[in-house]
Each structure stands twice: as structure tokens, then as C-alpha cells.
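Shown next as C-alpha cells: one chain only, the form predicted on its own.
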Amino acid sequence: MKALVFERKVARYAASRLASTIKGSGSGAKLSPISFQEIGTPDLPGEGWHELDVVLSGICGSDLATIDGRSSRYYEDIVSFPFVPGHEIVAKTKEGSRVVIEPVLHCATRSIQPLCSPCSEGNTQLCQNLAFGDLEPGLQTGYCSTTLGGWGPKVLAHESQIHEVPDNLSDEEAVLVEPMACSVHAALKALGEDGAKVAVIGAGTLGLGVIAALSQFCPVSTIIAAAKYPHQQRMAKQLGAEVVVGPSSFRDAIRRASSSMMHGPWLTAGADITFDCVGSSSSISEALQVTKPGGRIVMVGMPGPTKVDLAPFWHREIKMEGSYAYGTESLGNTFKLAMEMIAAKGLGALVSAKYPLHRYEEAIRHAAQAGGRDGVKVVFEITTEKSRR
């Protein structure tokens, strides 16, 4: 079978980074260490593992960062090469059931007993054994050489990772379950903050998902969103944001909502909680400027290396917390909550384009430019590739 494979090739990684710096994200795919090649299907790693047929697999921001050569070196020791990327996956079992994969490779997938403390409590996103056990190192399916990933016809999944897709969800909706679960996990950090004024920076897949989840599950008073493009602004409003503005008007919108004064770029008050769904140096700096003293910033998704002045954390006593993946929430399993939200909000409309694997360079460029092309989520349609062979 043919799949997209990412290999450890330092020179190509550097070339891709240079190309993406000069020409923009996604432009370095041809130079990157990723290629469309023939591979074999590995043996099942052990008991409880299944071979699945991939139907759709998304391209997310962390995939683009990896291809662009912009991902953090933090991940080097919890990734194994070569790997097939793709962790936003809807697939079929041999019996024909549609499923989605919860990609974190935790203790149970690695046959590690006893489970580490976080895994035993259902918080598999905090697993302490990402490089041990029966699998090669890998924080998730799609970054592990043992399991394959969604950017190929087959993927291996442990029974603890598999969630059946209800009949009321289309394939396009199902492929959004994993990123929406990330958004739900992040948004639920606002539970218990009834009446809070919440700011959301970024209106890509995760940002729109956070807005939808806040609206669906959290009794906050006001959601103020910064969205760059008109179609993002329309979607943010439809999904529950009360105030939606362009990036240049974001600070003023929060100033008005919080009755703040301004001193330079800083608000004297500001949002109670700010969700940064971009993860760049500039977005973190802006989050600091618009979050009230004593407030919180929640980092959503996978940021790369950044340079940020930490003085405001100290002076304004702002708390920053990460939000990685999903887990067991006070309201239930994050994947189940995501499915409920997707059905309620009609989120299948976020899928903007589908490509066969052999057109991966075009697909990656489209995904990197999705906002400017009136899109949100670009996915690979693996069944198209099967029919082509």
C-alpha cells in the first residue's frame, strides 16, 4: 500500500523551514522529509489491537508545523521515525463499523501495568509513559512508527482508542471529532466561571471549536472572538460568540466589555479567561495584554518555540495553563461530548475540501492557506486513493 511517510532527514527539514519562512506555511511540502511511498502493514503490536481502513483524515496545525520545520524540539524524544502522519481519523473496522480514533498512546496501548496515576484516573493525556512499553516512542498515533497514521489506507488502533461513530454523524462530521474533543477539553476549563467574560484568539478549527464548546457547555456571560476573515467571523457568530471582531479591533472590544482603561497596549482590567488558539509569540503577548490581572490564559493546540516577555505574568499575577488533547471530564468522556456538540452545532460545514493522498502537496498548501481561501478544515479522502490503484 502507498502512504505518506515522514522520515528523519535533517537537511530536508531545514529546507522546508526555509521555504515556509520565505513563501509561507505549506509551501515547503515538496522539500520536506515527507513523501508518498510504498510501505508494508506492520504486525499488530499485541492483544487488543485492530487494523482499520481509513476513510478520512484531517490536516491540522501540528501537522503543518511538522512539515514546515517549525515544531518544537521538545517532541524529538517522544516521536519515532519513520512515521505516517495523521491523527484526525475516521475509519472502518473489518466488520464495517465506522469509528474514530482517540490517538493518545497511553499506558493501556503500551501494555504497561500497573497504569500510571493519570491513566488510572482516565486522564490519559497526562500519561507518564509515552516512550516505553510495547510501542516505539510516540505521543500519539500519527507520530509513532509502530501504529501507522491516518495519511495512509491502514491504521492500527488499540481497543481503548476506538469510539464508534453514531449514525447521525456524517463522515465529514466524524473526522472533526478529534479536534473538537481538543476544543471541548480546553473550553471546559471555564466550568465554574459562571458569568465570566471570555476572549478567544484565533478562529481556525480549534478556535471555532472552543467558541462552540463554550456556548454548548459553559455558562459564561460573554464570548469575544478575534477572527481574521469574514467567513470565520460569520461562523464564530453562528457558533455562539456574542462579539466578533477583526484582530485590529479585538483589544477595544474587550476594553468596552470589561469597562477597562488603557495604559499603552495594556488593559487595566480585561477578560477573565483568554483562550489562545494560535500559539505564536504575538498571540501570547496579546493574550497577556487583554487578560485582567489575576485572570487566566489557556493555551490550546500545539505552540512552537516562542519568545515572550514574562514580566506581565509576574506583575499581573496571570495564570497560564496548557490544554492538550482530551480525557475524562466532569461532564463525561471528551469524545462523546464532542460528538454531541458536532451534531448540535452542525459542524460538518467546517470541512472545506477533500484530497486524495497523491495530491498531498496541493492539500498541504490548501490547509495552510485555508483561512484566506474561505475554508477551515482540509482532509485526505483515503477511499479515493484506493479506487485509483
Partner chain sequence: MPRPGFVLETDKSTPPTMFWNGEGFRMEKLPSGSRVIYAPEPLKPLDDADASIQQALLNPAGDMPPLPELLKPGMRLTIAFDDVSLPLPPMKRPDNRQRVIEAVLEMAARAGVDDVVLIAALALHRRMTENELRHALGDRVYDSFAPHGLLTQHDAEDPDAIVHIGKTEHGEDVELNRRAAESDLIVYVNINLVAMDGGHKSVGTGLASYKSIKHHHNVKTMTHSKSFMDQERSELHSSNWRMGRFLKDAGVKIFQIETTLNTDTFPKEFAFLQKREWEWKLRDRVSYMGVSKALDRTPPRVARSIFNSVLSPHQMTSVQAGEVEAVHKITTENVYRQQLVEVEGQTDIFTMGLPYIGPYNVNSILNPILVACMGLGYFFNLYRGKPLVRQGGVLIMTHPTPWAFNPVHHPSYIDFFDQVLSETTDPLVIEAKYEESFATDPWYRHLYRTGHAYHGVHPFYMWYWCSHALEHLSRVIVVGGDPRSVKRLGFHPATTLGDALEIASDVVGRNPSISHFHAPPLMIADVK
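All values derive from a computational prediction rather than experimental measurement. Positions refer to the first chain, counted from 1.
Separately, the form predicted in complex with its partner chain exists; it is not shown, and the next lines address it.
Judged by heavy atoms within 4.5 Å of its partner chain in the predicted complex, the contact stretch among the candidates 255 to 263, 92 to 100, 311 to 319, 116 to 124 is 255 to 263. In the predicted complex, its partner chain sits beyond 4.5 Å of every heavy atom of N168.
Using a 4.5 angstroms limit between non-hydrogen atoms, S72 is distant from its partner chain in the predicted complex. Interface membership of S282, defined by any non-hydrogen atom within 4.5 Å of its partner chain in the predicted complex, is ruled out. Interface membership of L191, defined by any non-hydrogen atom within 4.5 Å of its partner chain in the predicted complex, is ruled out. Here is the short version: of I78, A269, V245, I162, the single residue with a heavy atom within 4.5 Å of its partner chain in the predicted complex is V245.
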